[in-house]
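The chain below stands alone and is given in structure tokens; this is the form predicted on its own.
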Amino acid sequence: METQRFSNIKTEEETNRIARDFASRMKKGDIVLLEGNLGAGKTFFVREVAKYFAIDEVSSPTFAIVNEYDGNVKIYHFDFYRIKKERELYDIGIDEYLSDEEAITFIEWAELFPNAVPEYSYIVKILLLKNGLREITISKNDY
């Protein structure tokens, strides 16, 4: 997949459309690394993708570290923001989550622990710009 860049995003509906289109191309076993500044909309993006898979309740896993959702597909939703040491990820079984070929895994703040995540993944960068607009870039590191 080539890199897709969406600029000057003004509304939630524009983000919804991008997320739904992205979700339509996903399959079990996919891993999605979400990067972006605080408040950029990473959890909102995951919520909109999850709706595509008949999952209505998505919340930020900041304090839980990982949330699991069941719909038409199982989704694991991580947030590395409060993790202090990479060892904590292995203590909660990150390897088992990432190797689950029946689930789609989303990881917010993945850039904090690049050695703990596979190189073969989608990367979704969401930037909240100074003028209130957003830019979303979606790329894939192939297997």
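Quick note: we count residues from 1 along the sequence shown, nothing fancier. No experiment lies behind these values; they were computed from the predicted model shown.
What comes next is about the form predicted in complex with a small molecule, which is not displayed.
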**OP:** Given that the partner is absent here, state which listed stretch (82-90, 48-56, 112-120, 30-38) has heavy atoms within 4.5 Å of the small molecule in the predicted bound form.
**Re:** 30-38
Original post:
Going by a heavy atom distance of 4.5 Å, is A23 a contact of the small molecule in the predicted bound form?
Top reply: no
Original post:
Does any heavy atom of T43 come within 4.5 Å of a heavy atom of the small molecule in the predicted bound form?
Top reply: yes
